[in-house]
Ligand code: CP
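Given next, in structure tokens, is a single chain: the form predicted alone.
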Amino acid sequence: MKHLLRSADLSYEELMELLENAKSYLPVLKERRGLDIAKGKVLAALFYEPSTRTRFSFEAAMLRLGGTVISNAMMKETSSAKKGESLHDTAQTVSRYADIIAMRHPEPGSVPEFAEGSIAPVMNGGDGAADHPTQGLLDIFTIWQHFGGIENLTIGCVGDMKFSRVVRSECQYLRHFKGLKFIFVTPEALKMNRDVVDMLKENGFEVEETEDLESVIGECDIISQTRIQQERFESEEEYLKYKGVYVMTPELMSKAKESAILMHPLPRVDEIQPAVDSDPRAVYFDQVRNGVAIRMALITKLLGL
């Protein structure tokens, strides 16, 4: 395991090793203390696209492990990319400063392209609408922690499936488990790409697609909600057609199972009302801590610590 570039690259054994190791880091995070496992190691965080949780989570993970961080949150504007430097040359350069690199970029396939020029391990922090391996990992970790395993569950994925790199990543990891049912709740124009649906069906999973959230919310063990992503649309007019199409309210949550959980990768815009935050089934802020734990596990795995 040299890099983490695509969710599909992880084997079941590698996935379970990361989940178990992430679990061991939760007490460290709850006690807000640090370790010295990565002392002397440097993480470079290169973000060509805006981020709060992903960038801070990678940086917090490295700092909690005792390492240090060099970071650029505006690579498009304040790096040599502005002068026309290629991803390959940036990788050749930065990987001589850092022991491990976390990168986000708006273009699909850009992080794997970058990794070809890197002599250090590279972690994909999201590349366009293609993939978001570490967000997918923390979502799987949240489910695994909450239910004590992942089997015989119904996963409802709500919102923008067409452009959701998060849901694509979740599905790649969930294919390793058994007895799952997937319900994609989305407008017709934002349906999940057929390659993902076909992959799930080929792995023996039942897949249902609907535009009506209220009719299926009571079936779901996991409600994985996503925002309608304005930055993925060609125009504001097109985005506004779908903005607010699914809004989670306390009234709607009353129709969900008592044992269900409501997840969201954040940021939210208007798709979950703040009044839902007090519902014990809402775990999206717990996911934030889980994101640091899973990235701690990934960093130590890639660095062989």
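Every value quoted in this text rests on a predicted model; they were computed, and no experiment measured them. The numbering used is simple: start at 1 and walk along the sequence shown.
Omitted here: the form predicted in complex with this ligand. The next part is about that form.
K.L.:
Taking the partner as it appears in the predicted complex, which of 213 to 221, 115 to 123, 143 to 151, 129 to 137 has residues with heavy atoms within 4.5 Å of this ligand?
P.N.:
Looking at the partner contacts, the answer comes out as 129 to 137.
K.L.:
Using heavy atoms and a 4.5 Å limit, would one call P265 a contact residue for this ligand in the predicted complex?
P.N.:
Close contact exists here: in the predicted complex, P265 approaches this ligand to within 4.5 Å, heavy atoms only.
K.L.:
Does S259 make contact with this ligand in the predicted complex, using a 4.5 Å heavy atom cut-off?
P.N.:
No - in the predicted complex, heavy atoms of S259 and this ligand never come within 4.5 Å of each other.
K.L.:
Does at least one non-hydrogen atom of H105 fall within 4.5 angstroms of this ligand in the predicted complex?
P.N.:
Answer no; every heavy atom of H105 is more than 4.5 Å from this ligand in the predicted complex.
K.L.:
My question is simply whether R53 lines the interface with this ligand in the predicted complex - judged by any non-hydrogen atom within 4.5 Å.
P.N.:
Result yes; R53 sits at the interface with this ligand in the predicted complex.
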